[in-house]
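A lone chain, given as structure tokens: the form predicted on its own.
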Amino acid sequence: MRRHRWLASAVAVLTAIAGVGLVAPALAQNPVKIGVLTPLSPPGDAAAGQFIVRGAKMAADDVNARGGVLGGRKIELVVEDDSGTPEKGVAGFRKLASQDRAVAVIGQFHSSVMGAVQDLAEQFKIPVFSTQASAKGITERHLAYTFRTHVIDPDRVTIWNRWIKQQGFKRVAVLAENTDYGVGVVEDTKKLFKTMDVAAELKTVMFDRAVVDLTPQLLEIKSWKPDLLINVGVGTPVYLILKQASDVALFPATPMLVSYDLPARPEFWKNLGEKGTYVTFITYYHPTMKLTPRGEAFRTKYREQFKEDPVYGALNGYAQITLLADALNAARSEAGESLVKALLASKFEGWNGTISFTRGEGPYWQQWTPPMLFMQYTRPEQVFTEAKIIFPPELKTGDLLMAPKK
């Protein structure tokens, strides 16, 4: 009887061991899912989202070709369109967290959407990354699961205030959309005009992002006679401001600064034709930049695959996926708490330098900031690689050129 029980127990143990041997490899092959929640349709900046997805997919392919993460598991991207609206962003994040079981989410472009999904990231304990959302409130909240590898708006305003002072502009108009980004930029501009002693008059005009005609606002600005107009639209409104400012003869007679890198995209000239000539814009990447080995490898592959230079959104999407892969391996876990600890404890190879996250004061919380450059197109159809860097002084390759008077 005892011998029979012993045999039965031995068989049970051997069966359990065999079961583990069969199941463990299967578990090891389950993909690690990372969400890409980004605008892929209007009213969001759909082109921006497409570039972010492009970079993220290239990163996942590279990581998987090198053996994946956590002992051989592949990274699987789950892409969701937030359309640049908080409502769709929240719905997309819930799906990624509860249905897809994503371990992290990147791709956030619009500050209003990023602000809406942050609390969900805390609730689900899933790190969420701002890829191009720049409102200072995003990181000022000091939330454990919020990270950013992009500029902060007060820094954006600081650099254009330095440029305004250098150029000696006397009357500066800001035309901004009524989103978290636009409202925040206007508030920061008003505040920093005073603290930086900018010797210029300031006029700010807000507009609804859904508007299809900005002629009244542009005529109001034209009658004020500014010597600089700052275009704080995002996506379609950027083009609308440029086209209609040209139609009312405000631009290019008055210099215009676009507040982010939309003009660096290949579709810029297709949308504007000659009306884009003499525009100045902020960007975070230039093709002449020396990149890290990881960044150089990405740039080479991107050029081969797409026959054009990468734009910043693709570079940043790529960097966020690769640093998450490194963090997963450092954490040896996909658990949110472990992943946050690894993100804070490690240094990562980015596209143009080392990325690390610290819990600094104010908006400098779990934040890494890329460089900012001012560039200008001076002829129709000018390619991005030939545009001159006009600011900051230590990086400039040319001076601001004014349009010839008609």
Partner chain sequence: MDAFLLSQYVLSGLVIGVIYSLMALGITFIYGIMKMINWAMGEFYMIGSYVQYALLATVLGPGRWWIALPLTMGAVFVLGLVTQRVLLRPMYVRGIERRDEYATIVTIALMVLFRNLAVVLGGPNQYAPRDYARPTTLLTLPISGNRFVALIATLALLALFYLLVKRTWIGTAFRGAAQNRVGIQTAGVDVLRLDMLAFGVGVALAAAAGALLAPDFLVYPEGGAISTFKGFEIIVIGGLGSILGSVVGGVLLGLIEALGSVFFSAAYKDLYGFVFLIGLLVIRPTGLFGERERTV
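Positions refer to the first chain, counted from 1. These figures come from a predicted structure and were not determined experimentally.
Omitted from view is the form predicted together with its partner chain, to which the following refers.
Of the residues given (31, 363, 370, 43), 43 alone sits with a heavy atom within 4.5 Å of its partner chain in the model of the complex. The contact residue chosen from 76, 220, 296, 140 relative to its partner chain in the model of the complex is 220, the criterion being a non-hydrogen atom within 4.5 angstroms. Although the partner is absent from this view, residue 247 contacts its partner chain in the model of the complex, with a non-hydrogen atom inside 4.5 angstroms. Interface residue remark: residue 71 is not counted as part of the site for its partner chain in the model of the complex, having no heavy atom within 4.5 Å. Its partner chain is not drawn, but in the model of the complex it has a heavy atom within 4.5 Å of residue 211. In the model of the complex, its partner chain sits within 4.5 Å of a heavy atom belonging to residue 50.
Here the marked residues 215, 271 and 275 all reach its partner chain in the model of the complex, each with a heavy atom within 4.5 angstroms. Heavy atoms within 4.5 Å of its partner chain in the model of the complex are found in exactly one of 159 to 167, 286 to 294, 247 to 255, 331 to 339, that being 247 to 255.
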